[in-house]
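One protein chain, two forms: both are listed below as structure tokens, the first as structure 1 and the second as structure 2.
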Structure 1
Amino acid sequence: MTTVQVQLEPAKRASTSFWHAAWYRYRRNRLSVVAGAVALVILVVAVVAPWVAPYREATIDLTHVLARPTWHHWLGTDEIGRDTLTRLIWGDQTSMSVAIGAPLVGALIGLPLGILGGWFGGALDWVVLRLIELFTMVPTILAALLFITVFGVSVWKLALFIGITLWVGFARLARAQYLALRDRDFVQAARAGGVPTWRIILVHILPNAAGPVIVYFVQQIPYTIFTAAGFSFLGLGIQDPTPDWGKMINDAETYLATDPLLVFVPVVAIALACLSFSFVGDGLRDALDPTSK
């Protein structure tokens, strides 16, 4: 009797990683995938602006003032002969610096406060709550305007001023996450095993709280873009010679009837950036929700 040995290939083990499952859910949302690609292009252009812009950010060509699109100026020029495409690209760098920098400042301030309040509770949590309530009483835009008026404005100052007004949301979110997670079984097991407190906070709980924080961070980017552009449009934000989308609209509104492209280009850029990051945030919210199907 002949025995036939059949070697079976081991079954491919399904990934149980939370992040792998989140990526799978995100990929199923086609709108968020497209928005993510657009947002990535916007960020890449902001990084490589010095190499892809046709001209330097402050280059002026007085022989081509308010020129129509040509081979030398694909989107025309503004009222003093600056290339619109160049200012659009450099304005992307300015806007993205503020849009990423401001939520980063808010996270660096708010997350440690929220984590400490949520984990330790007691008097420390009371102090954190009072700080949150105090800053909630002050309208964020008015607070940013106050900082701008007193200290002046630049790209990084604007990111700092807006970021200071964003820390409250990060603190609330971090506090809520740590209050919900600090009594979970895996945390109690870590405590019983003698794991240091700092390691429990950073290694055991923080990765489990990272999903909502990432979503909130991304959702603040459209708000920051719109807020920074609004300040520049009002003449309170970025000033010449630094290009900025809001400043482009401010400069071009006088010529709306004669050259609408000068206003149309930065408006479309702001709308595209805000929509793309908004859809990315919505996609991440659904993908990082463990109850998503």
Structure 2
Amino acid sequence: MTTVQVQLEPAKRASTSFWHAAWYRYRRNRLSVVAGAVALVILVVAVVAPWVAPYREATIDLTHVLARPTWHHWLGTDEIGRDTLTRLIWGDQTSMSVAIGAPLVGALIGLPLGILGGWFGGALDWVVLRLIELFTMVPTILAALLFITVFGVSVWKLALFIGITLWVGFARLARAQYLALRDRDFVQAARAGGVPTWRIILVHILPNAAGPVIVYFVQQIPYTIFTAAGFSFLGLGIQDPTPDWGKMINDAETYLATDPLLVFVPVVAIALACLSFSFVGDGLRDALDPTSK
């Protein structure tokens, strides 16, 4: 990995083969491939929810309350006659919005802070480190709950709040990656060659840290699904009329003994979503970041 190469010929060729190799490694893990397909279906359904859901999201039909599965309601209805399948599909949209949105927020806050703290050192680094310590001290779930308590909740607020508690992990990761890459020859060379700081970070450091960051990002998705659904299950998260899996559990809990399907459907949905993204994360880790087992 000589300096000349990196300077004259931006990582293009090297990185194509890296992604090829990664794709090859990913494909070899059958579980991750299946999980990837399931995750993809979950994501696609979330996007096309308005077109595939059999009813409008909040249609209430008091004549069909707590119905068993029929041709009209494949998965039955809840205590105020809302179609379970419809709520499942719309809940998918809610869930995925938060599940993708929150890590995005976390990455947008954490990555720059982590790298800049490492790069500039001194006071900035000290502040970043204290902030990291601060956010590590309060468990992320409590912190997110605190934000919800104070500022209220909606799908986007939830993504924002959970995202804010996720930034610490991204900042740590970025710092570690930065520290590991800082002393590598090509960064030193770029520095010696007078390449401006922002360019070194953008061109030399970030692309090389991409693997671990992507892995970490995907690993946060099941956690976010878990937390967001957990909040609404407690009655603290997404509120009616927005359909949400956790809220479905919350509503159906009363009918656990008589109508277990009502609880079962959202529980399976959450489990399936968490499992598939978790296995995708494992597969990506083995494919992109083979050293960190």
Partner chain sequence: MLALRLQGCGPDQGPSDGRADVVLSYLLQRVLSLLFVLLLATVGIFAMMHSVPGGPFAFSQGDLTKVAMHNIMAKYGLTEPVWRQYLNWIWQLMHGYLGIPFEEPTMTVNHLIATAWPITLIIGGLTIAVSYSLGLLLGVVAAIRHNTWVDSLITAVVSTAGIALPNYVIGFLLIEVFAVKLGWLPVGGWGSPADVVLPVIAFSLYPLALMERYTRASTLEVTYADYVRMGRARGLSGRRILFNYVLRTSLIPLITIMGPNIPNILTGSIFIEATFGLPGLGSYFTNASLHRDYPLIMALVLIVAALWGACYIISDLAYAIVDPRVRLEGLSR
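Here, rigid core means the biggest group of C-alpha atoms that superpose within 1.5 Å across both forms. Sequence positions of structure 1, starting at 1, serve as the residue numbers. This one's a predicted model, so the numbers in the text were calculated from it and none came from an experiment.
The form predicted together with the partner chain corresponds to structure 2; structure 1 is the other form. For Gly121, the Cα coordinates differ by 2 angstroms or more between structures 1 and 2 after the core has been superposed.
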